[in-house]
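Take a look at this single chain in structure tokens; it is the form predicted on its own.
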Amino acid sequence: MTGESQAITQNYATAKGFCITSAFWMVVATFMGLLGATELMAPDLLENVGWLVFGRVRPIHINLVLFGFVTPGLLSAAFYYVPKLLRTDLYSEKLGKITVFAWNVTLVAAVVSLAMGKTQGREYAELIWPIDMMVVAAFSLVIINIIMTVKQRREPILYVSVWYVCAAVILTAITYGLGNIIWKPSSGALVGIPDAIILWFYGHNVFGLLLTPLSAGVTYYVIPKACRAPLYSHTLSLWGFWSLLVVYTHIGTHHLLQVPVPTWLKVIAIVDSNAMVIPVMAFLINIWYTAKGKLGEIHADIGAKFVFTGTIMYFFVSIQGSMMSLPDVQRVTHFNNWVVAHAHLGVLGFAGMIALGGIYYILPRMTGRPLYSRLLAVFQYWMILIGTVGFTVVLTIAGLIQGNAWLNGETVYRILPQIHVYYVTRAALGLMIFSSAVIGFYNIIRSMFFSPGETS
């Protein structure tokens, strides 16, 4: 029996487990986002409900989007295509099931602890020390399964998607431990400026060394398969891979340009932020040239449609990110809704779209049945696309109003009436995104367990 035929006999339990995890937590995460947006529109709505005040809802929303929705969605696709590309079975489906269980226990603990107000008070690194250790342990289980699968491979050549997955899980386990100061359980933090530097080294790399490489891995697998065409350039894919690792790791300090950190560190962050054009365009040129003349095939496959749209979002969010690192631009854009727009465009528009695309692409291939409803998947696609673009436009306008007013010496509270209408619009768009998550969860569950028929 060949390695490929062996891989086909898998039950894909790990991939399916992460798929359900992603779909479920997307519902919870987007509900928390909607709740937070509603509280910004109506600040007194839940003022007497301590575990639902904005200061607790926001970190729950962020951590669930990162580790509940997007990362498991991307890992779901990875646990499907890595054995395929290596022409072998996953090292251990049993270990994979344990990983999925541990991952979900960690997410529940994160939600409960943050709702209780137990936090380290550091942006993107709010989780308390015991949960930090659970996160590192869960990533370690993923690393063991992926690396051992690579070790037992029958395919001698490592396709670039495998490179990206291995780098993402290994580097994230390391940077998570560093950024969350896990060697200091009592505080989970250093003191003063060094803590800010380490925090933003982690805060930016959780996107650049986790979501970005996992998203690139899914894209490099799905787009050539959907187009039935070879990758435009394997060499360009490796150029993009290594330049991403070299350039992205140094840009976190561009969040601290208005802080007394060493000037040389700021200069490196600004230069590398703009040098991100190298890995970004290497990736996008490779994908877009692979898809050249094949857009009909991409449109016909809803998974590939999600993924390809994610690459377009990546282009815009990367250009925006490089601009925001420039001191003259940052004077207007920092600490306001411009940054929130940027974050939604990157995490939901880029990585979130690709995560959903990966799920919709592998679902029929794991189950041997078509999607329960392509119509619902297309409807979800348009709801997320409209919601993401709407978020970006509305929050960018609100951010520019805030930034320019503050630059002219206006106080924070006097600007709130001017941006209230944008907060109302944001909440309406949030309702759209939450509704799309509910639709997606229903469609995925029906596709996995109840969809009739067979794929052709």
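No experiment lies behind these values; they were computed from the predicted model shown. Position 1 is the first residue in the sequence shown; the rest follow in order.
If you look for the form predicted together with protoporphyrin IX containing FE, you will not find it shown, but the lines that follow are about it.
Here the chain is shown alone; which of Tyr202, Tyr372, Phe139, Tyr248 has a heavy atom within 4.5 Å of protoporphyrin IX containing FE in the predicted complex?
Checking each option against protoporphyrin IX containing FE in the predicted complex, the one that comes within 4.5 Å is Tyr248.
May I ask you to choose, among Thr172, Ser161, Thr212, Thr71, the residue with a heavy atom within 4.5 Å of protoporphyrin IX containing FE in the predicted complex?
Answer to the contact question: Thr212.
Protoporphyrin IX containing FE in the predicted complex: within 4.5 Å of a heavy atom of each of Arg58, Gly321 and Gly346?
Yes, the whole trio is in contact, each within 4.5 Å by some heavy atom.
So, in the predicted complex, is Tyr314 in contact with protoporphyrin IX containing FE at a 4.5 angstroms heavy atom limit?
Yes.
Flag Glu123 as yes or no: does it have a non-hydrogen atom within 4.5 angstroms of any non-hydrogen atom of protoporphyrin IX containing FE in the predicted complex?
Yes, contact at 4.5 Å.
Hey, in the predicted complex, does Lys294 get a heavy atom within 4.5 angstroms of protoporphyrin IX containing FE?
Heavy-atom contact with protoporphyrin IX containing FE at 4.5 Å: absent for Lys294.
Heavy atoms within 4.5 Å of protoporphyrin IX containing FE in the predicted complex: does Lys84 have any?
No, Lys84 stays farther than 4.5 Å from protoporphyrin IX containing FE in the predicted complex.
For the chain seen here without its partner, which of 84-92, 174-182, 346-354, 379-387 has a heavy atom within 4.5 Å of protoporphyrin IX containing FE in the predicted complex?
Selected range: 346-354.
At a 4.5 angstroms cut-off on non-hydrogen atoms, which residues of 272-293 are near protoporphyrin IX containing FE in the predicted complex? List them in order.
Heavy-atom contacts to protoporphyrin IX containing FE in the predicted complex: Ser273, Met276, Val280.
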